[in-house]
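In the form predicted alone, a lone chain appears below as C-alpha cells.
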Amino acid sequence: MSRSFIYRHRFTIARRTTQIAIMALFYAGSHFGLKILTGNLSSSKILGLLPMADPVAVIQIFAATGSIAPDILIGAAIAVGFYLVVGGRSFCGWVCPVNIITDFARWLRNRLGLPDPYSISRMVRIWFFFAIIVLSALFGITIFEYVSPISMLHRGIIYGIGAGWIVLVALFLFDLFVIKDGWCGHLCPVGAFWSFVGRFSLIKIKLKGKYDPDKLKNAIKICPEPEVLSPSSFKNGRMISGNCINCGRCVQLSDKLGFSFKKSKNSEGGNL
C-alpha cells in the first residue's frame, strides 16, 4: 500500500480503523475481561470508570419509566459534550458499525450503476425519532433498542449474530436496491438526534475560497449527505448543516474543503 494511496484515503482508513477498534475493545471487554471499553453502544464505561450513554436510549428510558439513573444521565451528558466538539454525526461516520454495511451497499450500488427510482424525505428520520419516544412511553419499554440494527450488529459481533442477520441483510438490500443511503440518510432516529447536535458542533467542514460547483462535483457525488455541500449549507465559508457526518471523504477529493475548529462566535476557525 503506497503512501499516496494512504493519503488519498486517509480519512476512510482512519474511520474503518476506529469503528473496528471500538468493536474489538467491546469484544475484549466482554470475553477477556479487558476493561478499556465495557458494555455496549447504548450504555458503556471507559476504563471501568467513565460512563457513556446513547442519549436516544436515555430519552427512551425516561419516556418509558419516568426516571433515569444518575450514572446513565451523566454518561449521556458526556456523550453529547464530546460530539458537540467533534461533530454530532461523527458518531454515524466514525463509530456506528452499521455504517460499514451501508457504505458497502452504497459503493456496490455505484459500481453496478443502479438507478434511484424511489426516494423519501430525509425528514422521515425525525418523525421516526419522535415516534419511538411516543411508543416507548405508551408501551413502557425502550422500543427502538429491540429493533435497532445498531444494537443487533453490536450484539451479533459480541455474542453471535443469531436471527439478527436477517434484519442486517434486509437493511443492506434496502440500501442497495430501494433507496440510496436509505437507512442512515433517511430513517435512522439516532442519526436524526445527532444531526441536531451537529448544528452546534465545533469541528466542521470549511470551504476554502468561493463556492465553485465544478471543483466540488466529485465531492458532492461521493457525499452520503450531498445536500450538505450545497451553497446554502455554508455561512462565511463554514458548514452550518447538522447532517454532515464528518467522514472526510469530500476533503480527500477536493482541496477546496477542509476541517475547521470554531474558536469563538466571531471567528471562522482555523484549519485542522
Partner chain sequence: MKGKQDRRGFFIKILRTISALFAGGLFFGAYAKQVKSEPSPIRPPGALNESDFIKTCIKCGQCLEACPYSSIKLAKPFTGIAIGTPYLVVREIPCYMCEDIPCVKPCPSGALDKKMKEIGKAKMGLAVLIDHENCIAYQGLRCEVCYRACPFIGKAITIEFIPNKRTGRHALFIPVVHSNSCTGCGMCEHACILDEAAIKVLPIEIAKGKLGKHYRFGWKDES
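The structure presented is a predicted model; accordingly, all values stated were derived computationally and were not measured. Positions refer to the first chain, counted from 1.
One more form of this protein should be noted, the form predicted together with the partner chain, which is absent from this view; the next part is about it.
* Asked: Of the residues Phe104, Phe82, Phe174, Tyr159, which one places a heavy atom within 4.5 Å of the partner chain in the predicted bound form?
  -> If I apply the 4.5 Å criterion carefully, the residue I get is Tyr159.
* Heavy atom within 4.5 Å of the partner chain in the predicted bound form - the one residue of Lys215, Lys35, Lys221, Lys208 that qualifies -> Selected residue: Lys35.
* To do: Decide whether Ile240 counts as a contact residue for the partner chain in the predicted bound form under a heavy atom distance cut-off of 4.5 Å.
  => Ile240 lies outside the contact set for the partner chain.
* To do: Decide whether Phe128 counts as a contact residue for the partner chain in the predicted bound form under a heavy atom distance cut-off of 4.5 Å.
  => Yes, Phe128 sits close enough to the partner chain in the predicted bound form that at least one of its heavy atoms falls within 4.5 Å.
* Asked: Does the 4.5 Å heavy atom contact test between Asn110 and the partner chain in the predicted bound form come out positive?
  -> No, no contact at 4.5 Å.
* Asked: Going by a heavy atom distance of 4.5 Å, is Phe139 a contact of the partner chain in the predicted bound form?
  -> Answer yes; at least one heavy atom of Phe139 falls within 4.5 Å of the partner chain in the predicted bound form.
* With the partner removed from view, which of 193 to 201, 174 to 182, 88 to 96, 131 to 139 is the stretch that lies within 4.5 Å of the partner chain in the predicted bound form, judged by heavy atom distances? -> Of the stretches listed, the one contacting the partner is 131 to 139.
* Contact check for Ile150, Gly248 and Leu253 against the partner chain in the predicted bound form, heavy atom at 4.5 Å -> Looking in the predicted bound form, the three residues Ile150, Gly248 and Leu253 all stay beyond 4.5 Å of the partner chain (heavy atoms).
* Going by heavy atoms, what in 79 to 96 lies within 4.5 angstroms of the partner chain in the predicted bound form? -> Contacting residues: none.
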